[in-house]
Structures are given as structure tokens and as C-alpha cells.
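Next up is one chain by itself, shown in C-alpha cells, the form predicted on its own.
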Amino acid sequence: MRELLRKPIWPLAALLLLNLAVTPSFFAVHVQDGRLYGSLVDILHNGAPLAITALGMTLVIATRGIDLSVGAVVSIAGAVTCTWIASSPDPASPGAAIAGIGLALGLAVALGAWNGFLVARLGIQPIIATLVLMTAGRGLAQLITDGQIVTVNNATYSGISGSALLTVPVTVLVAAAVYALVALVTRRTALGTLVEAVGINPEASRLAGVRSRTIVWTVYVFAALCAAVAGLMISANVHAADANNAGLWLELDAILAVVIGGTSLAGGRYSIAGTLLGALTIQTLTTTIYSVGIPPEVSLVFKAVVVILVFLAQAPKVRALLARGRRPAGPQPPPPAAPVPGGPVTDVPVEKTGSSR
């Protein structure tokens, strides 16, 4: 919580105030059928897949990597689960949903291990290694669904996104639990320090005895697993798997959320609380686009402009210029002159002496 309070929250606060000005009932929350409803709840509910995906991306970027395949893994996870449920003897049974979920998560672990193998073992640049799965993965998802939108009617599977516990949507609780677990593991154990060390200098970490390849491998597996959980949430929310559109451009939103949260793309420095704040900012921006009535054909341009403004406001040079502009006007005292080497000495006291007589 202290780390979250230290992060710049003005972009999120500005978007929330804009929505409040457009929709006076934006902050209203009510309970219906044992579940919370309202615009703020929708932001948390719809932003849970992005927040979980961005969490996995955070650890990957912290090791000086990148994962462009998370959107494809989202599509694959939904395609595998829905196809398994639809083709099972009893599509409405809880067993079919559990088996499909287990199969999707297992496949995600294998895909993450493949990315880690390319990066950690073969030494391929992360952007190239994950670009392979980004392209081939969505084609694999379309191959699984035969290019069709696979719909399911399974109460157990739909409960991933539609049910609530103590009036709070399950998606929000799952995202909160994942963030709490990762924060506990990375900040209360040596794992977080090792991840930062690998991101700062992988070779020095290896020479110091750190298994840098194993850590890089692990974070890519974790990123794929997070993307699969997000894919299950997305497909369960719409009761279908759309291999072409599920998770489309989600990897870009995840990277934006990580960068807005203060994680360095150069590796070595990351912030879990900042990533959560960045994900909520991106989701609130998406909600704002719909609430203010921006046409769909210019929504991406508007989103890009807002993101650029946020980045500029956080840039050190821009902050320095703004701080210089806030200095009080008027004459400023000149800085003290530096002594000139070999010049006259004026500050040495002269001792008075008497007559020589």
C-alpha cells in the first residue's frame, strides 16, 4: 500500500473526474442479485484480465525482456477450453469445464517454456522470440476453433467471470489474490532481488552464482500462465472463444500499463503496485472513450494521444522545464565568482608592522 501511494495517480484521478463530469452517477455502486454493480465495479471487473497480463509482463520486462505473445496465448487459452467443453459428451458438466481449464493452463505453461527456451537457451532476442508465437499462436487458435466462434453454455465455466463472492466479482478477487501472492513472493524473498539483478546485468549475475537462465525461463512461463488466466476470464465473460479477436492488441496495453507504472524497459527496476495502477489507468481510459461518446474510428487515436501526454508529463526533462517555469520572477543574486588561478589575492590579511628604526 505504501508503494502504491508513492506512485503518480493523477492520470487515473483525472480520468475519473472527467467521467464524473460527463456522468454524475459514475461513482454510484449498488448491489443486485448478490453482486456489486456500477461503473467503478465494471472498471475493476473488465480490467482484471489486463491487470493479470500486465503483472506477468512486469517480471519479463524486469529481466530486460519483452513478451509480444501474451495476446496470442489469451486467444489459445479460450479456444482450447471452449472447444474442449463444446466437444465433450456433456458440455454442461463441471468436469468438462475443469478439464478444459486444466488443459489450457498446461498448454500455456508449455508455450511459456518455449519462449523461455528461445530467449534463455538459444540467446534469441526476446522481441523476435516472442514475435514467433505472437504470429503462429493466433493461427493455432484459429486452427483449434476451425476459424469459427465456439460458444459454450456451461455454468461452471461462466462462473469464472459472472459469479461473485461476498458481492465482489470473482475476477476482481482472483486478480487481487494473484497480485498479493506475487508481491509477497518477490518482496519478502530473494526472488525479487534476483530478478532485478538479472535485469541489471545478466552476465554479472551469472558470474555471481545466480541462475539467470532459470530465472528468465521462469518469468516467461509465469507471463504465459497469467495470459492464459486472462484468456479464461475473457472467454468466460462472453461464453465463447473468438480466436481472431480475443486478446487482440492486449500485449500493447500490458506494456503500456507496465511503463506507466514506472517499470524501466531497460530492466532491473520494476513496480508491482505501479503496474496495477497503470492497468487501472488504461482500463479507465477505455471506459472514458465509450462514456464521452468518442467515435470508434478515432478511439485508438484518442487513446494514443492521452498515453503520450501521460508519458510526457512523467519525463524528467519535461518536469525540469516545468519546475524552471515555476521559479519566482525577479533578479536573482549572481553566483559567486570562481577564483582565477594565478590571479591577484585580495582576501589575505596584511599585518601592520612598525618603523625599522
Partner chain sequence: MTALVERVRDVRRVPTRFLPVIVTFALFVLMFAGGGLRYDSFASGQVLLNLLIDNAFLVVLAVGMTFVILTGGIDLSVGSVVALSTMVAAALLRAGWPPVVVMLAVLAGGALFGLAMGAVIHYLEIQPFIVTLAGMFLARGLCYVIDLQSISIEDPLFRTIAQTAVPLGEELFLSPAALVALAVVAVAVYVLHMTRFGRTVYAVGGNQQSAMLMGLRVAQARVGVYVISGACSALAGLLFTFYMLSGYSLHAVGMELDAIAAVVIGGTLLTGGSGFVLGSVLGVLVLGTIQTILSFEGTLSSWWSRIVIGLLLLVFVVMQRVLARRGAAR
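Residue numbers count along the first chain shown, from 1. Here the rigid core means the biggest group of C-alpha atoms that line up within 1.5 Å when the two forms are laid on top of each other. Here the structure is a predicted model, which is why all the values come from computation and not from measurement.
As for the form predicted together with its partner chain, it is not shown, yet the points below apply to it.
Residue contact check for Tyr179: none of its heavy atoms lie within 4.5 Å of its partner chain in the model of the complex. Glu297 belongs to the set of residues with a heavy atom inside 4.5 Å of its partner chain in the model of the complex. Contact check for Leu265: a heavy atom falls within 4.5 Å of its partner chain in the model of the complex.
Contact annotation: Phe222 falls outside 4.5 Å of its partner chain in the model of the complex, judged by heavy atom distances.
For its partner chain in the model of the complex, the listed stretch (76-84, 110-118, 223-231, 96-104) containing residues with heavy atoms inside 4.5 Å is 110-118. Among Ile124, Leu173, Ala273, Ile160, the residue placing a heavy atom within 4.5 Å of its partner chain in the model of the complex is Ile124. Screening Ile128, Ile149, Leu165, Ala155 for any heavy atom within 4.5 Å of its partner chain in the model of the complex leaves a single hit, Ile128. For the partner-free chain shown, Pro295, Glu297, Val298, Leu300, Val301, Lys303, Ala304, Val307, Ile308 of 293-310 come within 4.5 angstroms of its partner chain in the model of the complex, judged by any non-hydrogen atom. If you fit the rigid core between this form and the one not shown, you'll see the Cα of Ser299 move by 2 angstroms or more.
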